[in-house]
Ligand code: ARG
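Below sits a lone chain in structure tokens, taken as the form predicted alone.
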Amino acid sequence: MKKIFIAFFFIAISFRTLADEGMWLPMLLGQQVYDNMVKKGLKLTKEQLYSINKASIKDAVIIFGNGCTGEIVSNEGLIFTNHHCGYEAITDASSINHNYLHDGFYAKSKQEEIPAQGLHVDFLIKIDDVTKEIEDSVKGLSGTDRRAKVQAVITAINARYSDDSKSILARVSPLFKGNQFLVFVYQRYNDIRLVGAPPESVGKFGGDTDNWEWPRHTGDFSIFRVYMSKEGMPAKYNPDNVPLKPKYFLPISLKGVKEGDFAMIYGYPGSTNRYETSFGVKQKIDIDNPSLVNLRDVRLKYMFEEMKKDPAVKLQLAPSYASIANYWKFYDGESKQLVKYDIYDQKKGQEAVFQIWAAGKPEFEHIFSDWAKAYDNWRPYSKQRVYLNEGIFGSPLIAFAASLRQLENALVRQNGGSVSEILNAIGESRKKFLAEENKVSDERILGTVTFMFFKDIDKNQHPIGFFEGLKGSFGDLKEENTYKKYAAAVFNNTMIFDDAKWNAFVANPDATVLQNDPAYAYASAFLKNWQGKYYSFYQDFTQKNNELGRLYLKGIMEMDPKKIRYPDATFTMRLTYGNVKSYNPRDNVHYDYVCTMKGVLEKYKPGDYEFDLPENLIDLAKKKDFGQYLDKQRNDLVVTFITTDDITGGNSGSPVMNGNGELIGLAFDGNYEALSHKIAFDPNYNRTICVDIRYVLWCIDKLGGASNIINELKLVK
């Protein structure tokens, strides 16, 4: 009877993947998946979705920067992406006198566009399967030898496919936990310019309160342009460069959305772990997520207090604050949803089915007993690693101080590297650090996270002598004030903030001077303690976890070879599809599939940090001056909508398209009820939150007066 129940459970779990779950590789889109897309409303051929020889939608979808997606929307290289994706570039372009973050910005001509230094975009050229080459190279190898050989072959393949002279770069991506390998070949463009962005009060409306929440009223978009040389090649910034002539750009629909409409999203989802084990789920719920959330909570609190006081500090800290805050709330919600939906027991059920199948198969039968040992060996030290990454080195000062470790090595060891070269590189890093550093908030962070480490981490894992030294010089280790005094001493006495001391050190670099610097001594104590005693446990766990994960997924695919599967997200191009759809998050509560300007005005709070609005937006909204962007069905401006598409971080800025491949919105968030999505997709509650393209265009046109941008676009009415 038990076997029958377990088999039924597995069938039920398998059936769930027939919902809108799936981050599909467009190159490998199977007929069954494509046919299902057509049934849902797709009107395009496979070749229109992805083609090597002809222009297709894949040619309009780009990697934007290092962690977002964007899309080409005109024949002059115009890019749409999210406001939070362009946030750093907008902040860098801003000053107190020209605060584009606060006021918004629209270039009324190409001459007014602002170079975004350091920003780049990548266009996908092709995808090749190199699995056989890699698998042939590792026959007979296992463990460390196998891993080293795989990495060596990947490096060689990347080099073979890349061509620096043409700005072509290649990245092999291991899929299905290392059971398949594809090489993704890109062409990179480095001359990217800021064209437009709404005021932050629009682009980040709702702030952290509304982050990961539906209903949502955020105008999360920004506009850039990619330039090329006059010869048509990628090039560094040059005033003589010309707008890119893309292979393909997306037409834009003004027709709007209704319940049940087909919605397709292309983009670069960053990472998922849908084949995570029950061990991993428990680790997240019990240790990793709560530790991360508590430590980020401290950092955000002290940063926010200073940002509220001074617009200059807000500009200074805004990018790092936004980055920290985004996943602070995510991991808090992830833990709650993993518990709420009983994902641990679901994983246990799947693993029970696998273990019955694996019995008597030497390659697979000991996987879970080996995995249990690996977690048992690692778990006692795992909390310390989170406290180091998110706490100790969450202090910007200490993170910078830790980067001086290479310099210490060069000073105390022969062949440790060129001291002068290292000092030159560190000097540039120090300038950047000082420009971004807020000493008031950072000093408070340092004191508090040091106290938290003392209280929360096993005393046997503390750096030897460190806390004893604090007690001797600053007071009782159980008193918060002890750590405040210590942090003040570090900040007041480190040479990192003192130009005279720093310049004297650079002129006569000495290992003893560096080692005695209080900021470096602090960073070094924790870093050496970790690397000397505990890093080997992490390395061993990571190696075993990866290898067992590969074998587990290999076994799953052998156990059920006919099942259609998609690989976990790896920041490679994926296609997802679903429908515009409302939902009921809890008993007697219904969420509509769109939000409108009416809701924006209802949330408006004059002068509020998160819910303020520009005066001209309020005036236009009250007059219902929505022009061609009006939704006639609702007699209002639709601001956002939701779909059932399967996305994750990295999809920010992704184009949301209708069945004709026309742009209807930009994906920018997920909903709180489904924040377990990195590990377990929920077919009932999962929603992708999208800014409606008509709201984007209204902000550009009516709010920003940039009709020149509107005139570039191909509008479908």
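Given the structure is predicted, the values throughout are model-derived calculations rather than measurements. In case it trips you up, residue 1 is the first one in the sequence shown, and so on.
There is also a form predicted together with the named molecule; it is not shown, and the following applies to it.
- A residue is said to contact a partner when one of its heavy atoms sits within 4.5 Å of a partner heavy atom; Asn211 meets this definition for the named molecule in the predicted complex.
- In the predicted complex, the named molecule lies farther than 4.5 Å from every heavy atom of Asp692.
- Taking the partner from the other structure, the named molecule in the predicted complex has no heavy atom within 4.5 Å of any heavy atom of Gly349.
- Gly207 belongs to the set of residues with a heavy atom inside 4.5 Å of the named molecule in the predicted complex.
- None of Ser524, Asn326, Ser94, Asn545 but one reaches within 4.5 angstroms of the named molecule in the predicted complex through a heavy atom, and that residue is Asn326.
- With the partner omitted from this view, the residue of Ile422, Ala322, Val138, Leu315 that lies near the named molecule in the predicted complex is Ala322 [heavy atom within 4.5 Å].
- Stretch 663-671 is the answer when you ask which of 51-59, 24-32, 680-688, 663-671 has residues with heavy atoms within 4.5 Å of the named molecule in the predicted complex.
- Residues are counted as partner-facing when one of their heavy atoms sits within 4.5 Å of the named molecule in the predicted complex; in 81-107 only His84 qualifies.
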